[in-house]
Structures are given as C-alpha cells and as structure tokens.
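One chain follows as structure tokens, the form predicted on its own.
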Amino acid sequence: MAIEDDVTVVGGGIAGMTAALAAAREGVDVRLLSHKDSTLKSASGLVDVLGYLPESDGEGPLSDPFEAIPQLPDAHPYRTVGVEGVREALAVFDGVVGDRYRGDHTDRNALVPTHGGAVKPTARYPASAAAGLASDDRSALLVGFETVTDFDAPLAADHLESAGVPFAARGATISFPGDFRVDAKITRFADALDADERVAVQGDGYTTELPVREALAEAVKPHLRGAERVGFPALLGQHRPDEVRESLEAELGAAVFEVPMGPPSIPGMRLEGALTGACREAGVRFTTGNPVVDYEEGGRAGSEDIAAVRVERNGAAIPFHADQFVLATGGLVGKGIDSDREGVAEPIFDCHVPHSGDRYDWFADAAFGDHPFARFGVETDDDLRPLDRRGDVEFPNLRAAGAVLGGHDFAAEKSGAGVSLATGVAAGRSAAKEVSDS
C-alpha cells in the first residue's frame, strides 16, 4: 500500500517542526520526514527575531525588531510573511513552550549573555536564562567547570565587562563535584543534577557523600563573595531545570541562571522535546533516519505538481505521496543548499538558487564582510513557493521555509529562529489550506 498523506514536510528543524504543527492543527494529515537528529540539538535554544539590520556594520543591536522589519529588502523572507506573520508564529511558539520561555511580555529584544561573553539580542529566551539578562545591574559570578572547556568563565566575564554591561562580572573555574569521567558529556552532568545523585566529596582529611546539587553549591560558595546572581553553563538538568535552579538558589542565597552553550545544547534539546510533543499531540507522523533524495512528478494530470518524494532506505527508493509538500531542509550549513565549483543548488527538487557564475563574487574581501554566499537560498512568491530562473513557480504544491530561503543572512542579522518560525507556520498553514480547498 502506498504511503500517502495530505502534507509532507521534509526537514526536522524548527522550520519543519513548526510547518508540520501548523498544518496538522488545520486538520489535515501530516508526515514529517527527517534524515538525522534535529538541528535543534545544535541550537542555543534562543529565539532571535531580528537583532541587526542587514549591512549595519555591527551597529545596533535593534531594540524593537518589529519596527525594523518593514525596512528590510524586498527579498527578505520577513517581507513575504509580514510583521503579522512573525507575530502569529511567535504566538504559536508561546503556546507550545508555555512558561518554559520568557519575552512574550514585550516587543523589545532582550540581551542574553552567551558562553563567549557576548550578548545576543533575542525575542524569546529560556526561563533558565532569565536571571542572566545583560540589562540587569546585579553583580554576577560566572562559574565554569574544568572539563567543560567550551565555557571559559573568567574570560567570558572579562568580555562582558569589556562590552560595557551595567554590572560587575567575575568568573571562576571549578571541578564539578563527584567522580565523573574526564570526558563526561554535559548530558551526564545534567542527568546527575536532575536526579540529585549522591556524590563523593573530599573534605579536610575525610570523604563524605552529598546530593550533587548541595555539593555543587558548596563548591561555588568560596567564590561567591557577595555576587547577587550566579551563571552556570547550560547543563542544569535536562528534565527538571526549574527544580535544579531552585535548589541551587536556596543553597547559594543568590539568583541562578544558565548561559546558553554551543552544541550539544541542552536548551535546544528541551525545545526539541516541546515541539515534538506538540506535533505528536496534533497528530503529526514522524519518519526519521533516512534521507529524502529525489521526487516524482505528476501529482495531478496535466499539472507540474510533485506526486511524491523518495526516501533512500537500504538501497531502495521509497516513495512518500502527498497532496502538498514543504521543503525545510536548512541552508548551506544544513545541506539544504549545496555548492561546488560548478555552482549552487537545492539538491532534492533542484529548485533554482540565484548566484553569480563567478565564484569570486560569492565572497567579500574582508573575513567578516558582507558575504553574498550567506544569503544563498531559493526565492519564492508571496505563498512561499520556490521560483525558477524566469520568476515562475517551480511546483504548484511545494513551499519552502527556514534557512533554505534566500535573501537573509541569519548569522549576521540574528534572525535564524524567527525566520524559521514565521515561514514554517505560514508554509504549513498555506499547504493545509490548499488541501482543504481542493
């Protein structure tokens, strides 16, 4: 029996998940196809909407991203979905994450310290990071661990003070209490804190056992020196972060916050869990572990519709049929856009990706310049359907969402999660409406 759904979404990142969720909530059958682990495990867990205008040369950050959206170039994905499209997507996000996130009380960006000691303008941030905002003038101690080398707490504190934050910052590096392996993953520390495991602690000539939360607080206390809040790398529990923070706050007598980290990202895993749960509750079916490699044409007689996508499994190409499709496979980093010496391409549907034929035009001279390759991606019409080189719709039943879209530099603008959310919700709803109207 053929595998057939109303809407098939290709891609399991934030754009794919929100597209699938939005479509399913419109009452149609939805399947999400994903090859590898969700890219959310590599994401910080922060939701940036727009931190800087394109070609702003680092000026900023923007205080109100919604005021700036109408100033963006016509090719920018936000100009397709509009300010209201961004607001609607954030409302969907807020409904999924509930009180696990903050920032929905205002249009203004919050400034969240990162593990490198910079501050990132972001519209939504985990509740676990709330006490660490750079706009807060309370003194802060950053605590790193000897074996978590991605976070150099003293260096990050120095960078924050150099950036002009309105508070005193110090950093200290300590050993995580207990007998953990030198190469223990941060998920191992998070699990130990979730369970409040008992760990061996060396005293002055003796060894005893303490719950790990208490043991961690005892290790931090000699460095506290009146700091009003304490920041740890984001590993304070995978499943009970609120409980872990409350325990540490009670022991330390200071506010506790997490500093978002690079991959693997526990806040990203928490967000993935929330979105996956919402998708399953809405009825989305997941098929994971194998790549989508091709497609079949001819969905409707006489049309240029896509009939199915083919998933490579054990040497066979398995077709997944649907009425509508959403492409959410990521950009150059996620391999949703591919490049070689011959050109730039979208590898599944071979959608047109505008680019210069001269590879030297893809780059700026300065290492941190305005590189054209950062904006590579497919162009779309007002319904997010990819356009060919003549400006015509490539496939009537295909929409694109997230980083596969061109016209924006998400890293420079700090707009990646916002674009994925807004275009994901818009593409999913539009695909579902097409099914309902047919």
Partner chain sequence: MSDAEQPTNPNDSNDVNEVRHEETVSDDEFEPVQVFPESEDMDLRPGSDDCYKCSTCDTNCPVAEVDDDFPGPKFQGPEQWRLKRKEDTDIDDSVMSCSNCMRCDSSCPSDVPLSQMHNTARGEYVENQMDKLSREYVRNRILANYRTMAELGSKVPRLTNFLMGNSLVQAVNEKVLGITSEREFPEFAEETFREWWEKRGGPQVRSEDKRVAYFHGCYSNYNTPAVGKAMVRLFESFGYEVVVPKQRCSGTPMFANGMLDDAKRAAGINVENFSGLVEEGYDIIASCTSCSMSLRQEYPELFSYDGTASVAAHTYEALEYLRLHEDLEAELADAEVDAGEFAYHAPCHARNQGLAGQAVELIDGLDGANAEDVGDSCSGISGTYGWKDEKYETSMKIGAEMFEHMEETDAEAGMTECPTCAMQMEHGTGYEIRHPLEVLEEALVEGSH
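Quantities reported herein were computed from a predicted structural model and do not represent experimental measurements. Residue numbers count along the first chain shown, from 1.
Omitted here: the form predicted together with its partner chain. The next part is about that form.
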Study note, to complete from the structure: Heavy atom within 4.5 Å of its partner chain in the model of the complex, from candidates P347, G82, P354, P264, belongs to P264
Check your understanding: Among R102, R138, R188, R310, which has any heavy atom within 4.5 Å of its partner chain in the model of the complex?
Key -> R188
Practice item. Go through 219-227, 248-256, 117-125, 333-341 and give me the stretch that gets within 4.5 Å of its partner chain in the model of the complex, heavy atoms only. Key: 333-341
Exercise for review: Spell it out for me: taking its partner chain in the model of the complex, does every residue among G51, L72 and A412 have a heavy atom no farther than 4.5 Å from it?
Suggested key: no
Exercise for review: Flag Y206 as yes or no: does it have a non-hydrogen atom within 4.5 angstroms of any non-hydrogen atom of its partner chain in the model of the complex?
Suggested key: no
**Study point:** its partner chain contact at R31 in the model of the complex, heavy atom, 4.5 Å
**Key:** yes
Review point. Taking heavy atoms only, is H371 within 4.5 angstroms of its partner chain in the model of the complex?
Key: no
Practice item. Evaluate R359 for contact with its partner chain in the model of the complex, applying a 4.5 angstroms cut-off between non-hydrogen atoms, and reply yes or no. Key: yes
**Study point:** Residues in 311-326 with any heavy atom within 4.5 Å of its partner chain in the model of the complex
**Key:** R313, N314, G315, A316, I318, P319
